[in-house]
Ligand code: ADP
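To begin, one chain is listed below as structure tokens, in the form predicted alone.
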């Protein structure tokens, strides 16, 4: 059956290799075992039940809350030559009857339905399912069943009886985001505790994360969209009013946008969503009501104008960008006023336990916004996945944080906490330090020596530094509903002058993001334009979104590799036999004409492409890890220059980058085993560095370097820490 699954993958979906984690899940489901699949948006969750549906006998029943998405999923499957249908309230009665009859005759591979349909009509549909062969049950967006999930839906709880009614049919529960508590709840609610849990990496390397304080939000927004004019994006706002105002504002600046929120008529929402999906408008401005029903693969950015209520929601919403694997942005503008407002929304009447959980999740979201460390590392660690940091694809890593000796400001914070008569929260301490005249500060506290000792900074700057100190464990914050600050062992070391505190000042407000990447430097831009035009024409003829014909990633490969035969076309990722048959002749005609008109030597072009990519571009090669590049050059070039005896400064000058970038390359080459760390440091020196790191208890390099009296460079310290 494993061989059959691979054949289905190649024939219908156009890939020769499974993505990481897919094959194991597919094997489990084909063998009839229950599974829970936690896999990020764009990670290939759908194939985990679509391929078993093709291999196992019977019809796969896919339960989804996303009525708007069902038609898109079914259209995409049909384009691949797969027999699929959906059944929901949007279908006319005659079509519902037609689909039901097809189901009874066993003429479909997959049927998408909403949970209401499954259990509605006095259980008639469940009775029907008992009479037909069923391949499997797939529960999409499975976090909806858990009260601890970020999108709880009461109707999902009825699914608890599914396993009891059909004990021999495998159930696969799928979601992009679920913490440990939610995973446990899903398994128990669906009665699949014995099923295997498959948790894929939460890392989306093609998504670049940027978080900035919101200061003049419209100006920041305009600055960003001006730099991404021809790209498709979602802009999220917290309220319906904000959505309308932002959409109108962007339209007044020459951008064609549409709003989407629950207050609009259903027909208007559907029309606006369809215009966005079909690339008739590039930008949709929406509340979080928009997105779960969207399978659009070429969204290049997701921009939040407010802080989301928890990291799960943020991760899921940003995951709607870059589903095709090409470089995309997740941009967040936040304000502490967002946090204050969302605190009220996090309160659940009559449920103190759930309120505490929601409040804690909100504080973790604020921690993410205000961290000075790698954003990607923070996200991965939140979901229980280790990450080394230094991702080179988030604002904190790209900006290169400049630390300063913040011991004196830290001592002021800690002294204030120590001298006050009881425990207080972050805001009170910040106001106390600035000498605020707020009535919240009683007269007896104003008589203390530490009152007003921090007038050099405003309240927001003190809050920023206090939160860093919490993050770096220089003081504690409890997890009560109204969290307060407390001193710990590290706090007393700072107060006694036995430890140095390094802080990062607030960043200047920026909206600059990395240039769009993910396309081959040998991609022919003229051919790209012609192919994008013919794809749009094909999509319009079939009344389908362009990405559904061929994804942007597939289009990039077409414009790079230039296939000229049906066989070569079938070797492009994402093009199965049905899409070769249906669209191949017109696509090939465009490519052949372009090659002839421009006089392109195809063999020479492909040789150059192969040399540049250092791997066969043709593909069906699966997902390969690309070597990091800086200014168009690779780690390999850095290694060659280093082997030629060039210094860090000399290599940086040759490659037109800064020396710290070369140091990062060399560190990565050490981690890969290409260079020994002992080329930079002796074993004795490494032992001294490791001892200093242990004594400082810091992940940061600067405190270690200070401890060692600056006798070693940062590169030597990194190398020393890697010596085993």
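Remember, predicted model here, so these are calculated numbers, not experimental data. Residue numbers count along the first chain shown, from 1.
What comes next is about the form predicted together with the named molecule, which does not appear here.
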Quiz item: If you check 692, 54, 686, 47 against the named molecule in the model of the complex, which one has a heavy atom within 4.5 Å?
Solution: 47
Quiz prompt | residue 704 within 4.5 Å of the named molecule in the model of the complex, heavy atoms | solution = no
Practice problem: Give a yes/no on whether residue 269 approaches the named molecule to within 4.5 Å in the model of the complex, heavy atoms considered. | Solution: no
Practice problem: Considering only heavy atoms, tell me if residue 11 and the named molecule come within 4.5 Å of each other in the model of the complex. | Solution: no
Quiz item: Is residue 17 close enough to the named molecule in the model of the complex to count, meaning some heavy atom within 4.5 Å?
Solution: yes
Self-check item: Partner-proximal stretch of 675 to 683, 58 to 66, 38 to 46, 653 to 661 relative to the named molecule in the model of the complex, 4.5 angstroms, heavy atom
Solution: 38 to 46
